[in-house]
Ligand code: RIB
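Taking the form predicted on its own, here's one chain by itself in structure tokens.
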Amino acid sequence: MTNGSTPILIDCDTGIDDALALLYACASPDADIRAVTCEAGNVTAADVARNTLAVLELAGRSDVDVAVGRTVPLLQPLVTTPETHGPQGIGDAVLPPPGRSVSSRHAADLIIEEAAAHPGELTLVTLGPMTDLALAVLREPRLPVLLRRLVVMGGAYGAAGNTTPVSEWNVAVDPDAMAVVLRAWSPDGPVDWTAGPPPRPLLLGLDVTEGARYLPTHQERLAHVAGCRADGSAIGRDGVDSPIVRFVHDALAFYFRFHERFDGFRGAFIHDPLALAAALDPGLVTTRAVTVDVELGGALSRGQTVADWRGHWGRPPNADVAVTADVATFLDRFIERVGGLAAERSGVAR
């Protein structure tokens, strides 16, 4: 840990908003990125790995270890979403092929090894299905106390689903993995926590992440900070292009069309950057401690995350569910940080 920064592991299925979260982490002085792990979700595991490596190179962070885990969910067939993120997961954007390969370590092994080497220090942020994390905690049941905290973008705790009427995408891809994770972190779970239960995971569901709407006006502000046009092109003869702003613009152009068609507004929900920001600054969200479980059997409700807000089950809380988020502050930070990184990478004086 350096200068008060938060050591983090990021687990993702790099589509558009995962890529924006990676840029936010790379642009944040309070983020000490130790490694990134990948699994299939928005796109195939091979596409996720390529996107992750390429985005980190774009941000100047080729030093960050990237590991791939499961290529399919624990039990059910893999379903990807090219209609949401584009055929390769980054919308209309095009990035050069990465100049390096992924780690020889399996993602689940990396999570266990890093947590064991730095007990109580690392915050794990999951931005995709929980397949890798489920494998990790099955291999090392004491993982919950080896981590400082778990922060999850996943679920819908009072909002409608975005994949089925009741299920959010990351959970719907691998609900069995979500069930393993929730059980592993439960005070009444399979491990006898003699020294007390692990810190409750912070869960950010659609209830708060759909409040994080990135609009064309935000892209204009980002470009202003970076010193270029909204599409990343140079301003005037002496200006310089910004590859980062161009990437954000082109990736989001696809996302904007998707949300305009299905959600009725020209913009995009940037779920994953909000979760990453909350991992660095939990003060961005208010939470309630609650018991959460996931439905695995219903023909219409498989993948639904169920929060026992009234305590019907009589079980101790196993999660802190975000109920509100300071979206305005988050968006200001996203623009300032990612715009600043874009300016730095383009050699623009600020």
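Please read all numbers here as calculations on a predicted model, not as lab measurements. Residues carry their position along the shown sequence, with the first being 1.
The same protein has a further form, the form predicted in complex with this ligand, not shown here; the description that follows concerns it.
Contact check for L127: a heavy atom falls within 4.5 Å of this ligand in the model of the complex. The closest non-hydrogen atom of W169 lies within 4.5 Å of this ligand in the model of the complex. This ligand is not shown here, but in the model of the complex it comes within 4.5 Å of a heavy atom of M153. For the chain shown alone, N42 is a contact residue for this ligand in the model of the complex, at least one non-hydrogen atom being within 4.5 angstroms. For this ligand in the model of the complex, the listed stretch (212-220, 96-104, 161-169, 240-248) containing residues with heavy atoms inside 4.5 Å is 161-169. This chain is displayed alone, yet in the model of the complex one of A268, L202, L206, A115 has a heavy atom within 4.5 Å of this ligand; that residue is L206. Along 63-81, not one residue places a heavy atom within 4.5 Å of this ligand in the model of the complex.
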